[in-house]
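Next up: just one chain, as C-alpha cells, the form predicted on its own.
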C-alpha cells in the first residue's frame, strides 16, 4: 500500500477562490448547440427551444460562466448573422470544423440561455478574419444601453436592456497554424493591443483576455507570451492558457500525471508575465484564464472524424463526442487540484466543453441527457471549493512515469472558508495498482476552529478503470461514500483506491 502524509496550514493562503474558476465553454461545434442546449422539438424544450433537462444539469454542475461562441469557430464567425429574425439569417460554412451553421442560435439567444442557466457570458471576438471595428460593433450591440444604431437594433430584437458582458476574449488560439487568420506573436500582439484600447474607449468596465499559447508543446510557447504581453500589457487583464490531455500510446501512468505538465505550464506563463511586468517597473499582475482545458482524445478526431467533402458539410454532426472513463475523471479531478493550488493567479477557467463535445453532459436527440464520469469531480469541486486555497504540505510515496519521471502518487489541494470553518480536501491517487493510506494533520485547523467533525467522504473509482456512463447505463459510475475515512484528535485518515478522486469535507 502507498502512504502519504499531509499537513494543512490555514495561515498560509495561496489565494482566494474566484468563482470564475468554474466556467465552461460552448462553441458552435458538433452538437454542442443544436440538440445540445437547443432542440425546439424536444419534450423538455421551452418556448425558446432550450432543453430544460440540460439546463437542470448545467445548474447541478455549478458552472459560473460560459465562453462563447468559440473556439476555432469564432475566427470565421460573422456575429451579425445570428441576430434579428431567424427567417432572415443566412446559412454559412464553418471552415474550422467543416459544418454548416444555420445561425438559429446567436448572441441574443445565448444570453437568454445563460440567464436561465444562471451563468455569465464570456464572449470571444473574431480577430482571425476580422478586427477592431467588428469587436467594437459587437460590444456596442451587447453593452450600450440605447441611442446608437446597434444598441437600438438589439432593442428592436427584443432585448431592451444591455447584455452587460464583462469578460471578452481577444480572438482564439492565434498562435495555431490551424486557425483562420493565424499570425506571428508580433502581428497578433499589435492587433490585440489596438482592439483592447478601442474596446476600453467604448466600455471601460470590460475585462480582456489576450491569447496565450494553445498548449505547452507549441514551438513558440514562452516567446509567444512574452511578445504578445509586450504589446498588450497595459490594456489586458488576463492571458489565456489552453491545455488538453490524452493517453499517448496507451501510456496510462503518464496520463494520470498530466497535471504535472499543467502545473509547469501555469508556472511558466506566470513567470513570463511577471518578467514583462518587471521590465516595465510595474506592480500590475496579469492573471491566467485557463479558458480551454479537459481530457480530449484528439488523436481519434484527427484519424476518424474529420469531414472533407465540401458538398456534404452537415448541420450539427456528431463530432468529438468522447465517452469518458473513470481514468479520465481522475485526470480532470487532478487538473482541478492544480488550478486550486494556483488560485493566486488562475482566476478564470473554462472546461471545454459543456454539452456533447468533449463534455461532462451528453444528450440524445429527442431523448435523455446524462452525466459523464467527468461531471462529478467538477460539480463537487465547484460546490465545495469555497473561501481560500490553503497550503498543503505533502510527503508521498512516488510512482514512475515514462513522460514525467517519478511523481507523487498522491496529489492534493485544500480550501477553507474562514466565515464558516468549512474545509474541503481534494485527493487523487495516481497509482495504477495500489491503494493509498493518507493521513491529514488538521491540528492547525483545529486551533482556529475547535470541534472539527468529518461531514462527508466521497470517492470516485471503479474496479474497471475504463468504466463509463452511457445512454444505456447512465448511472454506472458515481461517487460513493468512502467508509474508511476517520477523524480523531485532529488527524484525518482515509484509504484511497488506485486510480481514484476523493473529496473530504470537514
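Residue numbers count along the first chain shown, from 1. The shown structure was predicted, so the numbers you read here are calculated from the model rather than taken from an experiment.
Although it is not shown, the form predicted together with a small molecule is what the next lines describe.
| task | Please check if residue 39 has a heavy atom lying within 4.5 Å of any heavy atom of the small molecule in the model of the complex. | result | Close contact is absent here: in the model of the complex, residue 39 is far from the small molecule, nothing within 4.5 Å, heavy atoms only.
| Exercise: residue 29 in contact with the small molecule in the model of the complex, heavy atom 4.5 Å | Flag for residue 29 set to yes.
| message | Would you classify residue 178 as touching the small molecule in the model of the complex, given a 4.5 Å non-hydrogen atom cut-off? | response | The answer is yes: residue 178 has a heavy atom within 4.5 Å of the small molecule.
| residue 173 near the small molecule in the model of the complex, any heavy atom under 4.5 Å? | Answer yes; at least one heavy atom of residue 173 falls within 4.5 Å of the small molecule in the model of the complex.
| query | Between the options 296, 221, 404, 233, which residue brings a heavy atom to within 4.5 Å of the small molecule in the model of the complex? | reply | Result of the distance check: 296.
| said: Give me the residue from 125, 320, 436, 336 that has a heavy atom within 4.5 Å of the small molecule in the model of the complex. | reply: By the 4.5 Å heavy-atom cutoff, the listed residue in contact is 320.
| said: Which is the contacting stretch out of 114-122, 347-355, 406-414, 282-290, given heavy atoms within 4.5 Å of the small molecule in the model of the complex? | reply: Heavy-atom contact with the partner occurs in 347-355.
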